[in-house]
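Single chain ahead, by itself, as structure tokens, in the form predicted on its own.
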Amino acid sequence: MRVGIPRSLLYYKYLPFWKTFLASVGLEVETSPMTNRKILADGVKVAENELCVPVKAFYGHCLALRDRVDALFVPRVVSMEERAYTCPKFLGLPDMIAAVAERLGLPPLLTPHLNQREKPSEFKWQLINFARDEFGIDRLDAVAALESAKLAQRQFQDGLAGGRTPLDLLPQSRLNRPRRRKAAGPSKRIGLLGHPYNIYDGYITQNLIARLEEIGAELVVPEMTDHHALMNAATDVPKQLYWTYEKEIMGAINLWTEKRQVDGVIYVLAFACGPDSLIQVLIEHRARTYNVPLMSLTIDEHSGEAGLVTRIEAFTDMLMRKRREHGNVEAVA
């Protein structure tokens, strides 16, 4: 049986885990191509207008896999930690895709229910029961598959902690390699903030990471910091955030500003994303408080290349002037 994993949304965060688990229970796994003009256009045609661009792209990735796999892997990711939720779009994603599946001729959906809000240990049994109910895998084999998946995810996270990005570690994830130019003087250390499916999808961000690398920027991303450290750093907000991935973003900006780890921050958010729009105010307040330059980039399916390049160049030029006037920031801890 061949199972397709759409190259969108939580692909950039959990692919090693999901791919290893599915392969370990005897399935052949295939991922969709990188986002391109056709994939995004196909997704925009069938998705609701109110959805954010990465979710629209997800529809397109499902269509790209339609004739190549026997089933689509679309998990219902409710919660990845106690007393917190993921974004509402992850809770409803299987229902949204199922609503158009027959009309679009999509293959059957595999939709394991992943919810750790009440008991973290439930995650284990949810996957074991999924393997048993869907594929007839016995408990011992399912546990072995789960342990292999955990190991693959740890190795992935160790690579991120070592200073690499998901684009360096996930297969065929770069839209293109940067044409590196030698930077004049010390490099600019820029914190690139946002959800992985926003900042690592090269097509919907107009190849943002490669463009920053080309102008000599040294990038710092939230995934380079341990998850628990991010969670601890996010606790200084007046009220606890309900969304795990927004807490990771807040933890990153708090660490970067408090320890002076970056010269400036670029925050990438998707138009129509409710949680992103709410924490944007907190991020801007934090940056002002610590006098760290911040540029917000809002993306949607209409984002243009020329305006993005102009804004990036202006922002990095401003960082270099600030660095010359006030001295270097401290090195990354």
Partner chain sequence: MKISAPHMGHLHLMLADLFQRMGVEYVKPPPTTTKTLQIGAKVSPEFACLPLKINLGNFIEALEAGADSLVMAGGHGPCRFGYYGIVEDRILRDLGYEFDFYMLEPFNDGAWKFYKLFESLSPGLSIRSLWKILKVSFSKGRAFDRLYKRALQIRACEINRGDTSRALKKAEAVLTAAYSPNEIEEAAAESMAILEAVERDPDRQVLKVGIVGEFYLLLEPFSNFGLEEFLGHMGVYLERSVWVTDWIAPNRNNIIYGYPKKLVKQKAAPYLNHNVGGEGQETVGSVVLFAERGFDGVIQLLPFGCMPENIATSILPKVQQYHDIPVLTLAFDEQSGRAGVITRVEAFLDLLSARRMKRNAGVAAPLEPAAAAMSERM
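Residue numbers count along the first chain shown, from 1. Everything quoted here is computed from the prediction, not taken from an experiment.
A second form of this protein, the form predicted together with its partner chain, is not displayed here; the remarks below concern that form.
Judged by heavy atoms within 4.5 Å of its partner chain in the model of the complex, the contact stretch among the candidates 251-259, 123-131, 191-199, 233-241 is 233-241.
The shortest heavy atom separation between residue 39 and its partner chain in the model of the complex exceeds 4.5 Å.
Among residues of the shown chain, residue 87 is one whose heavy atoms approach its partner chain to within 4.5 Å in the model of the complex. Within 4.5 Å of any heavy atom of its partner chain in the model of the complex lies no heavy atom of residue 67.
In the model of the complex, its partner chain sits beyond 4.5 Å of every heavy atom of residue 45.
Note on the partner interface in the model of the complex: the residue among 51, 34, 29, 294 having a heavy atom within 4.5 angstroms of its partner chain is 51. The contact residue chosen from 273, 287, 63, 266 relative to its partner chain in the model of the complex is 273, the criterion being a non-hydrogen atom within 4.5 angstroms. Contact with its partner chain in the model of the complex holds for none of 20, 212 and 224, as no heavy atom of theirs lies within 4.5 Å.
Residues of 280-301 lying near its partner chain in the model of the complex, listed in sequence order, are 280, 281, 282, 285, 288, 298, the criterion being any heavy atom within 4.5 Å.
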